[in-house]
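Only one chain comes next, encoded as structure tokens, the form predicted on its own.
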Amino acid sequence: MQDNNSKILASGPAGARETVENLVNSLIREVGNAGMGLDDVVALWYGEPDAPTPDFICQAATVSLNQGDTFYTENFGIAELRQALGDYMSALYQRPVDNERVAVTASGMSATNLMQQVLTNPGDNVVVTAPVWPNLIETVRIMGGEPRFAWLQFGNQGWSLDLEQMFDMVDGRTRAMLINSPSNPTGWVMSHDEMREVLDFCRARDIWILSDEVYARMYFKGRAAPSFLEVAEPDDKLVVVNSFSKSWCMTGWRLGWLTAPSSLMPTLEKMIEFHYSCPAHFSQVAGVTAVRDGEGFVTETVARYKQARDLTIDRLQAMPKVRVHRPDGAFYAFFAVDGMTDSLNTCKEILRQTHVGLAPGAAFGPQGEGFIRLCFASTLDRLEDAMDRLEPFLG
């Protein structure tokens, strides 16, 4: 008889680990693939800004390439970028963040995968706020861990989290809580008071907090969304993951960072070496420029997205079949469609009939069924066009 670990490590039909072979393909990509080759598609399925990286950031990378910055760097990234990120977070959150606690990563996604490799053993469980971007769920499963979903509730006041229900999911095999705020796809934002409750709970039980704050600056009620860095102590079992992708329109650069307690840094250094060695030097130089000189760009971008949010939500709320809440953060409308039971095929049918590309709610966990995600990080004209096309289908 096999024990649990041998089941987790078993091979699948192709000879790979059974756990990996059983990973679920992205339903968002499935809709995207269905739209390949169609003309005149308004693609609002992926979580990506519509604008290219601004010139001043690109120019910094060009200078770096021209001067030969094409070699390995330190595992944690170049000192100039770590210092810039420490200064940036210290100013943003009005609490000192030592640059020695910062590790530059080859994207926010690689940072999350890295942390699961560091923390999660086969058979452990990780409590995850959901609905949530599917890639985060799969990082737990890749390690043979069990994601346990703390489902946000959709009500008249928008999305909310029952902390007691989340705490009840914790048992002796719980390794961490993975919290995504601002949330992809719902736009829900965890408050400072909720963060303090989670922090106290996890401290008492020696549980890690993995806080995905990639959308920290995509916040419509202030300069930045609440962060665990504002309520935690430097030695708390907390890792905050962030990225250059959303705030500075740098999705293709594959550049992110994480902030961790100093005690974890030697282990992270080893894992980065074995994982990707270091991010590209010229990307890191571009990151320095983004952080130090990009505040005006971020402010203008968020103001533009706020207009886009209001246009999108106003139009959707006028459609009889739709129920939607105005999000406080991120850049998505996650809306319910009355009577819809198969969001994947509904999105494919919307694509076929209207040439508007949307993401099925089922991609974000089983209780995401009945919802559709729309990325409004786009121009007002493009969004108006999408709403005009969707109105007959959802009206």
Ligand SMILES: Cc1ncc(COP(=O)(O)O)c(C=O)c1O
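Numbering starts at 1 and runs along the sequence shown. None of the values given here were measured: they were computed from a predicted structure.
One more form of this protein exists, namely the form predicted in complex with the named molecule; it is left out here, but the text below deals with it.
Residues within 4.5 angstroms of the named molecule in the predicted complex, judged by any non-hydrogen atom, belong to 240-248 and to none of the other stretches in 240-248, 265-273, 81-89, 317-325. Just one of L136, L229, V189, V104 comes within 4.5 Å of the named molecule in the predicted complex, counting any heavy atom, and that one is L136. Checked against the named molecule in the predicted complex, the residues G35, P54, G370, G47 give one hit for a heavy atom within 4.5 Å, which is G47. Though the partner is left out of this view, R254 does reach within 4.5 Å of the named molecule in the predicted complex, counting heavy atoms only. The named molecule in the predicted complex comes within 4.5 Å of a heavy atom belonging to V214. Within 4.5 Å of some heavy atom of the named molecule in the predicted complex lies at least one heavy atom of N184.
Interface residue remark: I313 is not counted as part of the site for the named molecule in the predicted complex, having no heavy atom within 4.5 Å. If you take 105-124 and check each residue for a heavy atom within 4.5 Å of the named molecule in the predicted complex, you get S107, G108, M109, in sequence order.
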